[in-house]
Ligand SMILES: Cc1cc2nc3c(=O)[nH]c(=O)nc-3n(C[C@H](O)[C@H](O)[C@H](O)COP(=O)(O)OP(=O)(O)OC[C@H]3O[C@@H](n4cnc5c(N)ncnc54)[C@H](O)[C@@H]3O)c2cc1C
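Below you will find one chain, with nothing else, as structure tokens; this is the form predicted on its own, and questions on how it binds or moves follow later.
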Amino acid sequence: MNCLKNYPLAELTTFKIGGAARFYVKADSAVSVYEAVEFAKQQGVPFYVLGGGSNLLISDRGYDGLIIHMANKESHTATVGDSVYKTCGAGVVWDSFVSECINENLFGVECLSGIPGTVGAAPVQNIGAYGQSVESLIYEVIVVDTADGSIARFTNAECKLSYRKSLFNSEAFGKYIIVIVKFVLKRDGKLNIRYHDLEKYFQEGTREGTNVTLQDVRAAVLQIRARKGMLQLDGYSRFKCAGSFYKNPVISTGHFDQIMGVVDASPSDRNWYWAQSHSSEVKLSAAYLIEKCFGKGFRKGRVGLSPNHTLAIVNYEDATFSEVIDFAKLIEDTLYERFKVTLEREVQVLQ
């Protein structure tokens, strides 16, 4: 195992913020993951698993532990009947996986185009966008148990996937390290273009949603994400940010009625809340509420909101970790004071 000391981390994140790790290792197999965990135990230090660094804010003091950077990029495909099984190492770039699926005319990931990060993070966060999520695609997740190095396998149901949540970032946080994810996709399917951004995109175009292909949907999603400044792909302008800093809050219908009495919204504007099926809850657009309070592009010193999308907090001029945290706290306190809504951070903080 090639373990490096005092390894700089800022350039491994999309925020471009953070100090050095005391120890750093690339792990390209289950064996190397186990060896890295054992090394951390021997040194008496914590460890953190790093993927694409797209959902991470690191302290300027760095990390006094071991960074395990996932580098397993194995990939293979098997077809069983109408189902296509894609097995990917945790270090595979997520959008490369999506692009491969689209090129093979496989349905189910087209709306997840352009999401930054690696495959290993997909089940942890149950990543989703524009009406799709990996919840419906994951067949099996293979992990290393950090307690004894044994290999465990989790079915879709055992992963306990829900909105931005899974077994791996809740009750079993830190217990397992994902090394392989197995997806199941279909060659025949129905395109999902009912999400309002996509629906508007195709209504404004000449095709009006007819004869739309998987490639068309991917192109549309990439263009929409690019307009919002949410892409971290080569060839696109990008901000130093972690994408969506917050999750969309889910509140009771009674609380929603109270907010409706406070927020200045047009009756025709219905794209900032969504009634949850079979429940008395409503999901709110965190971006909409933030924009109501601050507006796009609001800045305080070297940190600010993206001019394109208020869910993104941007490092404009070599901001520090503390400046980003203070800015986030301003956002959170203001929304709670005005709407009594508690924002939950989607970005992970390492300090």
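Since we're looking at a predicted model, the values are computed, not measured. In case it trips you up, residue 1 is the first one in the sequence shown, and so on.
Below, we refer to the form predicted in complex with the ligand, which is not included among the displayed structures.
The chain is drawn here without the ligand; in the predicted bound form, the stretch among 316-324, 297-305, 280-288, 45-53 whose residues come within 4.5 Å of it by any heavy atom is 45-53. Of the heavy atoms in Cys101, none are within 4.5 Å of the ligand in the predicted bound form. Proximity of Gly117 to the ligand in the predicted bound form falls within the 4.5 Å heavy atom cutoff.
The ligand in the predicted bound form comes within 4.5 Å of a heavy atom belonging to Ala129. Contact between Arg164 and the ligand in the predicted bound form is found at the 4.5 Å heavy atom cutoff.
Shown without its partner, the chain has Arg164, Phe173, Tyr176, Ile177, Ile178 in segment 163-184 as residues with a non-hydrogen atom within 4.5 angstroms of the ligand in the predicted bound form.
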